[in-house]
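In structure tokens, the next block holds one chain alone, the form predicted on its own.
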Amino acid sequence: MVRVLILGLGMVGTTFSVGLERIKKGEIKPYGVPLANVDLGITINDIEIVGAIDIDERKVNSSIYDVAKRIYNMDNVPVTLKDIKVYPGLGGEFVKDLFPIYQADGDHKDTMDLVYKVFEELKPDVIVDVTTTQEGKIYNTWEEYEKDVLAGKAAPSQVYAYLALRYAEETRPVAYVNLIPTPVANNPVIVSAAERVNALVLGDDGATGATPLTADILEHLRERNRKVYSIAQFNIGGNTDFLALTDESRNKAKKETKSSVVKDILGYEAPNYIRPTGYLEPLGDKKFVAMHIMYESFNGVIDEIIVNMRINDSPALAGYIVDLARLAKLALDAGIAGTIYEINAFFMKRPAPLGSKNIARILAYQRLIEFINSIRNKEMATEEEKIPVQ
């Protein structure tokens, strides 16, 4: 089994929970799960959601079923989610402008202890971070990082990661999957600590919708030696994540993870504007995406690529979690600690470790399959060694 704990039961976490249970019941096909037809040795049915952590007072102490029905008005919500509880989490101040905050008793360290006890009680193998985007910094030393964590000055996701590392050291190996822009897997001190305690940190910032498409288009242009003059890519949505990004500090974190793809793939910094640009409530979760790329082709001819899309934002990321939970457990069982570029390069906007390059997702997919096969081949060889000779 793969025991999964969700951090941030927003639209993404709730959609993942509902969709996963519906796939397990045979109600829907696993479309939107990239590796659904790849043999990982761990099936979708092996994934078990053990709980969620949130700071929205409307959700805390409810069930995931209740959140899906009452907050998000979802249909076809499996009754199995009635037994999965939402626990209180960290750092309500940074989102107090977005929704009513659950006020836990005690100070910051008391809340940290409360969250750690949830980790101990639920015993997750994989902790998935889909909390609201936060601004966070990259730390130079463990001492600096730990000081900020204990003082409540680090980003909430970085505090959760600290607790996950402690849990790995004291209880069992765990994988922390960071699907928001806050630098976690791109913090070398966190990755180094994960190596030391046999933990895994994957991230940062799940790449759905326009970003992987932009990466593949840029690879196409690079391979054909076309000079890119400018790139404009923006999206507008009406969910809580887009509302959060109206705060400039949060938007800055998102912009950095999205725009890093340009120089990484082209080899030069073409002028670009790649970022979420606005919140429009009537759009809801179905964001509007527009892209314009201008480039020079043979004999000085100037061509343009123009793309318009409407994408259901949360389901696009939720399907990734199904794979990331299984991949994380596969890697943990293989004894891999720290971070894994091959996984990050396919699923993330800013693939760790720090300084790694974005590559076209079609190339990243092939590298990911090679990585999976290398682990699976070792597993099969080990199993053959265990078979007694007659």
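Residue positions are given as counts along the sequence shown, with the first one as 1. Everything numeric here is computed off the predicted structure, so don't read it as measured data.
FYI, the form predicted in complex with a further copy of the same chain isn't displayed, but the following is about it.
The three marked residues, Tyr176, Val189 and Ala193, fail to reach a further copy of the same chain in the model of the complex, with no heavy atom of any inside 4.5 Å.
The partner is absent here, but in the model of the complex a heavy atom of Pro271, alone among Gly106, Pro271, Pro100, Gly267, sits within 4.5 Å of a further copy of the same chain. Proximity to a further copy of the same chain in the model of the complex, taken as a non-hydrogen atom within 4.5 angstroms, holds for one residue of Glu304, Glu93, Glu144, Glu121, which is Glu304. Here the chain stands by itself, but in the model of the complex one stretch of 330-338, 45-53, 63-71, 22-30, 22-30, has heavy atoms within 4.5 Å of a further copy of the same chain. Mapping the unseen interface onto this chain, Glu135 falls outside it, with no heavy atom inside 4.5 Å of a further copy of the same chain in the model of the complex.
Though the partner is left out of this view, Gly278 does reach within 4.5 Å of a further copy of the same chain in the model of the complex, counting heavy atoms only.
In the model of the complex, no heavy atom of Val159 sits within 4.5 Å of a further copy of the same chain. The closest heavy atom approach of Asn312 to a further copy of the same chain in the model of the complex falls within 4.5 Å. Counting a residue when any of its non-hydrogen atoms is within 4.5 Å of a further copy of the same chain in the model of the complex, the hits in 348-367 run Arg361, Ile362, Leu363, Tyr365, Gln366.
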